[in-house]
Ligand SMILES: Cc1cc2nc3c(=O)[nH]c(=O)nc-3n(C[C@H](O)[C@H](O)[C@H](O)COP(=O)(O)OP(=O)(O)OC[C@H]3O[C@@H](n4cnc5c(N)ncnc54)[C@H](O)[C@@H]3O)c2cc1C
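Given next, in structure tokens, is a single chain: the form predicted alone.
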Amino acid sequence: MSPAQRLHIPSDRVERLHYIKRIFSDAQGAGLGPEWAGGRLSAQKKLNSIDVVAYARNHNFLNGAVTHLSPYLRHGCLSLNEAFSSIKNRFGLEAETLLTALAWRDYWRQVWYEKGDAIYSEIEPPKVAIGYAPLSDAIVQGKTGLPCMDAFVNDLLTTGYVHHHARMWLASYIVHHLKMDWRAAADWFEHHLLDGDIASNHLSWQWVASTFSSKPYYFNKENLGRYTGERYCANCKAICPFDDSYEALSERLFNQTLAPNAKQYPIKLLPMRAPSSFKTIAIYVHDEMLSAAHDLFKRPFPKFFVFDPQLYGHWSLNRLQFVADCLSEMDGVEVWLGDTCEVLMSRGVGQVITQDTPNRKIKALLAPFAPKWQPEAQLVDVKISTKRLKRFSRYWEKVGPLVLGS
């Protein structure tokens, strides 16, 4: 690893985007456009512009009224509780569809806290036969020959944003039609998505694959055509693998001998470091707390964010630029590129205070600094049992009445 380097994030956005592209010259991606400026100010604008009636009516359509809040929630520009309360206070139960969708984020995160690194492996045996073929170049380059799938991949690679319905279609195609390894695909997605949350991403892929759900998710041409307005189907010349009834697709995709074992994927652990002997107390800023309004920033300690390759070396240029946008609003935060332990020790840090996270990599990096973890607010302040975390429906039976007041 190269020596640590302190970064100076430009205040001008055009200059900032070029600066990050130069610093991370090997990162993939086309770069952020103006519609995806990171930071709390942009997050608040999107929150205040939500149309809950339109969302409930058409958010499943590719051109529907989605909120685009997910990258901002993922990086803590807005807390989930803040967004949930704002929407509920303004719209009441008229916003129930959107509030339920937001609750999925709390659900995935609670499962991550409960399961830890187990979410990187299959939580349950698959309910149908799935394959483990390598992710092909045709997929990662968006050259499958299917206009719909290639368009979804192009969205991922160029903008870092893919509509939630398109994510499900693409995941189902990769896992069930091509029988490719869901874990490799989930990792690839997480590298590029602006809202690449490990819990919601990897557990959603498992939901599609049926390793964290009661059945596989698959779709047909009629479903895709309806929610895309025939955008891709009308002039498609390819032999459509989705053009069949659900019964026929099920027979074709899943009529195989089931191997009902959950596959385990090895986790590469970070090396243990000796405890720091320095005295300085510091605020460690990680990628889930990128808001200048965070409570920890009121404390009179130095603040550090480190672009550590062990955490961010696989991230796309779009993701790195989004984080830089967020950091540009956060006065007083030292931004570094390099090894976290090296940076903090070079600044005399002996203990860090930070927001709690289920991310074990962050916890391993901070272990030498006697970290104090500020609890992260849950959607409701009640214990959700392991049994209820097995399915969202069971979680929502408990949480829904508490947060909706019904």
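Worth saying up front: this structure is predicted, and the values here are computed from it rather than measured. For every residue, the number given is its place in the sequence shown, counted from 1.
The discussion below concerns the form predicted together with the named molecule, not included here.
Chemist: If we take heavy atoms and a 4.5 Å cut-off, which stretch out of 63-71, 368-376, 24-32, 349-357 is in contact with the named molecule in the predicted complex?
Modeler: Of the options given, it is 63-71.
Chemist: Give a yes or no on whether each residue among Tyr312, Trp315 and Ala364 has a heavy atom within 4.5 Å of the named molecule in the predicted complex.
Modeler: Not a single listed residue reaches the named molecule in the predicted complex, so no.
Chemist: Would Lys88 count as touching the named molecule in the predicted complex under a 4.5 Å heavy atom rule?
Modeler: Taking the distances in the predicted complex, the answer for Lys88 is no, it never comes within 4.5 Å of the named molecule.
Chemist: Does the named molecule get within 4.5 angstroms of any non-hydrogen atom of Trp108 in the predicted complex?
Modeler: Yes, contact at 4.5 Å.
Chemist: Given that the partner is absent here, does Ser204 sit within 4.5 Å of the named molecule in the predicted complex, heavy atoms only?
Modeler: It does: once the named molecule is placed as it appears in the predicted complex, Ser204 has a heavy atom within 4.5 Å of it.
Chemist: According to a 4.5 angstroms non-hydrogen atom cut-off, is Phe212 in contact with the named molecule in the predicted complex?
Modeler: No, Phe212 is distant from the partner.
Chemist: Which of these residues, His177, Arg167, His286, Lys303, gets a heavy atom within 4.5 Å of the named molecule in the predicted complex?
Modeler: Looking at the other structure, the residue within range turns out to be Arg167.
Chemist: Please pick, from Phe189, Trp336, Tyr227, Tyr232, the one residue with any non-hydrogen atom lying within 4.5 angstroms of the named molecule in the predicted complex.
Modeler: Spelling it out, the residue with a heavy atom inside the cut-off is Phe189.
Chemist: Select from 150-182 the residues with a non-hydrogen atom within 4.5 Å of the named molecule in the predicted complex and write them out in sequence order.
Modeler: Heavy-atom contacts to the named molecule in the predicted complex: Tyr161, Val162, His163, His164, Arg167, Met168, Ala171.
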